[in-house]
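Both blocks below hold the same protein chain, though in two forms, and each is given as structure tokens: structure 1 and structure 2.
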Structure 1
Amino acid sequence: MTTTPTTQQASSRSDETAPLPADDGARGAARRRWVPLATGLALVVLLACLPLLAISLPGVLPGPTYTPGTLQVLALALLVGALALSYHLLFGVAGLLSFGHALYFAVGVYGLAIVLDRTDLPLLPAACVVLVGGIAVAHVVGAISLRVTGISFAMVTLAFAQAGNVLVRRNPAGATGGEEGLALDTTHVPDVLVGVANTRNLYWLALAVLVVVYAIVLWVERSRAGHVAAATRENEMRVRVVGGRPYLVKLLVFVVAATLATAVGMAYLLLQSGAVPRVTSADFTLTLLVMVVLGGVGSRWGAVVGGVLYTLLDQRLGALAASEAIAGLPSVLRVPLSEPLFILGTLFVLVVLFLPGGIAGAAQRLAHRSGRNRDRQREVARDTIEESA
């Protein structure tokens, strides 16, 4: 597959494109490669140490970081970040606007719950079975829905996810528990992952899931298939003209993203120790879309930040709504402020209208501006020296 021109164009868009002065170009490139890696590693180490520390962030976290309640919220945020990352692969990289990503997440959540409930398989083999099932579902749905593009694709994925939602709610043969949901059967789950006292293990599991998902997404994005997918997002016709096969590449990315969502779903089941029908709903996919756009479309860390931020806001705004400060307000202010989704939805609309590129875009612009300022200062300094000489 020779897709050089389009590929370069497309990949340059998503990567860092800040121009660097020519003289320290090589050093700059090396720094650009190592600084994010070192920052990421430091961040992961810090996150991994959180359960051993007692950091309080009043207003952001419900309590000190070693308490199970806080770890639960943090682990949920990390898992949702990982899920948003898998959606980023679909929407940000391949440009596939799917409204049915919740389906594969739900396959993970409900699949593992049902397998653990109905069979005697231990956790790991059960997880493998569910993963294979998730891959199969993603293949079938992806193969059908990728026959159409754009808005029709969005609609077909929405319809399939809706079918999944209906199936779960109808409770066929008592497998899904209907509206009530399904509690996790812990008989075959290792003891270290069960119970409030072991929340920190689940937290570490969530962190590991996030790191693995990030690595896989990075790998796919850097692979030839990832470049072709990005090129297809920019101009599908051109990819076809130079001999690429957009359909297969899109299917590959679709299946990888769906499989990652399934894996995250299984971790989610262990963390929440139960499955509820909400995770199958179209609203849930829409919130994923909100996270990715909030963080910045096309940015990996943006997707993670969007997911984490959204979850924390969702959790904490609920607490804010129940607080005294809100209860005392007149109803014109109290009603909107006591609905977390209203605030998040409004925030989202504002970001789309006024902050294109989301958080990542804003950060990049800020960095760019400060970089330019530094250049200008250097120039001014040089002028001063030349004048004085």
Structure 2
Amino acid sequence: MTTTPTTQQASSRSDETAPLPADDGARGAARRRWVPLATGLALVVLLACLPLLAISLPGVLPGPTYTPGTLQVLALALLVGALALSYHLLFGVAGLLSFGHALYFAVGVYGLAIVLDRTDLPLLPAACVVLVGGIAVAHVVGAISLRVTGISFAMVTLAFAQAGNVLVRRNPAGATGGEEGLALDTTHVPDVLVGVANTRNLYWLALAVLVVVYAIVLWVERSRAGHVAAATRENEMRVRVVGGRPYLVKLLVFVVAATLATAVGMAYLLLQSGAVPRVTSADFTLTLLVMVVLGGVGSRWGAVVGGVLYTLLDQRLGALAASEAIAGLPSVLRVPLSEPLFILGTLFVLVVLFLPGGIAGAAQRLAHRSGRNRDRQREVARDTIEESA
């Protein structure tokens, strides 16, 4: 008679303390939604504070984070990360393998340099003119290139990019500077963006460009057009059958990605104080492809990490190749290790072989594995409590 109420009370207490499955699901969904946002905001704040801190990473950065040389490298890495993010929108979201994405970056670089050099427009109106020009070029090239698909699309975009490269090198009317490039005319550029002393401001500008590009890419991906573009990437015929218009959606994504590349190109001009023909080459687009694959195809933050990591390696491997440590190695090792491109290529091959999803894929697998371990631990703890009750 006395054992029955005790059992009922224990059961009642167990029911009261046990969380409902719906509550667990809602709590987990909220956590998955807010944790990435909080992490991203904290990272942006940390990056914004770097010019005010004295953080040294020997072998990675040329000096403390407040020095102009280090801020120049970091700003370049952030801009390249933003450019890789724009290519992710084209390749990772819409599945469009373009070999001519550097063309729109070059429109931003050379376009702003020419407008500032040949007109009396201030910086912001000149940037608006160049941005409109970049949108027009993207519409024309995209409308023609998207008439074909697959490798044919890649070849058409490559042809347009090569035409732009030839035009820049021919130096029509002395506008582009030819092989020597074109220096930035700072007459109408605000003083806060000119000179080594203002590298900190250029770094903050690069960070702002990256944040804006990330926000736009996120908005496009989560929009109806982004969902249709992703569906078109998987099965274009099925999208046509259900009444979708894949051509217009792909053109929209193409123009948005090209416009973002143009905006990044203008910030790049202000940072580098000049334009060089290399930014118009197809090799530059292939470098963007390597960055996206390195970070993880289909991942926004993976594209940014891939661009930043590739830029830092490209900047610092030259110093490593010329170091005494490499010079003292046998010739069998010294010759290949003295070539930065050889090291970058080897790292890329290793990532493709052993990290098939790139850096983002490896991080997701690790997080999934740790999540399963946590679930297993919770089940063990729950079983233990039930047995003790």
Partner chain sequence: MSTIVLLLITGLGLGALYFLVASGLSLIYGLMGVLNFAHGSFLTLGAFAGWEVARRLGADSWGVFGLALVVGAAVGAAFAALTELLLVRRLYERHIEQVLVTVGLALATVALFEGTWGSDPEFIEGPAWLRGTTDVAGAPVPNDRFLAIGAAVLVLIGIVLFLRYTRFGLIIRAGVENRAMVTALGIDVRKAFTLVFAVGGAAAGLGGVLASQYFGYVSPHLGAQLLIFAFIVTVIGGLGSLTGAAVAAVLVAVLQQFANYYWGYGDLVVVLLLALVLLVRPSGLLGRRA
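Residue positions are counted from 1 along structure 1's sequence. Only the largest set of C-alpha atoms that superpose within 1.5 Å between the two forms is called the rigid core. A quick note: this is a predicted structure, and the numbers were derived from the prediction, not measured.
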Subject >> Structure that is the form predicted together with its partner chain (1 or 2) >> reply: 1
Original post:
Upon rigid core superposition, what is the positional shift of the Cα of V332 between structures 1 and 2, expressed in Å to one decimal?
Top reply: 2.4
